[in-house]
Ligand SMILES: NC(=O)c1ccc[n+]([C@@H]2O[C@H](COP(=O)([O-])OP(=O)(O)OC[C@H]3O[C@@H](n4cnc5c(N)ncnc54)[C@H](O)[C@@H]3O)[C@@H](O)[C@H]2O)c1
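Before any questions on how it binds or moves, here is one chain, the form predicted alone, in structure tokens.
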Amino acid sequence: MDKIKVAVAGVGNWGMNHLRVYSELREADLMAAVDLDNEKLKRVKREYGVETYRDVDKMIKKEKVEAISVVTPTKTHAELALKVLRRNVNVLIEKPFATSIKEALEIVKEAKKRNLTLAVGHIMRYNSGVVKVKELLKQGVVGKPLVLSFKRLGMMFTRVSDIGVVKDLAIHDIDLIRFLLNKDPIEVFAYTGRVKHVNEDYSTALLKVNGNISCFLENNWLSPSKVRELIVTGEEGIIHFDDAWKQLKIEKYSSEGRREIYPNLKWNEPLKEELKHFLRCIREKMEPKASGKDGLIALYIAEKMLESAKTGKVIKLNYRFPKL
């Protein structure tokens, strides 16, 4: 099997993880890294021995890569992604994959026009526990889902100045609602606030999904402990997934009393699963599990959450995008 030539644009903390995983994948041939920080590039050169660049155009021209991970600040995603696509290179863009719906639409259209793979880094779709929860819901283990409750809390240790907690954290759970239920929310009501950061650093939201399903989202950058929790309440029991502790539990009730079940899980690194899938999509011309359209919809809902918080109103969601 021929390896796919790959590069990473943006080598901060998460970009370094992309470099590490690509270097471990037998499907990938890690060629280069791009960043504006010379010290970071020196570290990449030292640890991975690949070529380093400050300009993505020069890198593509010299290295002739086939795929690039864009792991830069959100405000740079659109410009970089469009440069990459216009060089006929496949791209995975970290979430949120643009700062606006207008930018997102431009990226999606460019990828479609050139028949290139466009993936968005909604990494939770590749989390072993989340995949198992989706499987359990499909099997009807707890009956019809009624309420999905998400908590994604913790301190912000890296500097994020171009987006707030809604587009940084809540967007994960927005996407998971769609992934787990195979349905789009139809309305949202949200509240946000700011205490220590430039943008909102805590938020709560209620999203309604057809079938009388309620979804609660709680997110902040203020909690002293890291919380990553999903609880699905169904007609016949509860699924509780704690991603921080890597524990999945089913609670059911019957005439015999309360019963707890702990399914066996094979844990895989989500980023490794995501990047393997991205490369497979390029090779086999498949639609990614988290496509450009998925990224667009998640961004749209996040923006409507912020609109709701600003206006104090319930926002109806209509998804009236131009034909993609």
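Start at 1 and count along the sequence shown; that's the residue number. The structure displayed is predicted, hence computed values, not measured ones.
FYI, the form predicted in complex with the named molecule isn't displayed, but the following is about it.
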Give a yes or no on whether every one of Asp29, Ala78 and Thr117 sits within 4.5 angstroms of the named molecule in the predicted complex by heavy atom. no
I'd like to know if Pro73 sits close to the named molecule in the predicted complex, meaning any non-hydrogen atom pair within 4.5 angstroms. yes
Does the named molecule come within 4.5 Å of any heavy atom of Gly121 in the predicted complex? yes
Report yes if any heavy atom of Tyr300 sits within 4.5 Å of a heavy atom of the named molecule in the predicted complex; otherwise report no. no
Answer with yes or no whether Asp168 is in contact with the named molecule in the predicted complex, where contact means some heavy atom within 4.5 Å. yes
At 4.5 Å between heavy atoms, only one of the stretches 254-262, 36-44, 282-290, 60-68 reaches the named molecule in the predicted complex; which one is it? 36-44
The unique member of Lys208, Lys151, Lys132, His172 whose heavy atoms fall within 4.5 Å of the named molecule in the predicted complex: His172
Hey, which residues along 12-35 are within 4.5 angstroms of the named molecule in the predicted complex, non-hydrogen atoms only? Gly12, Asn13, Trp14, Gly15, Val34, Asp35
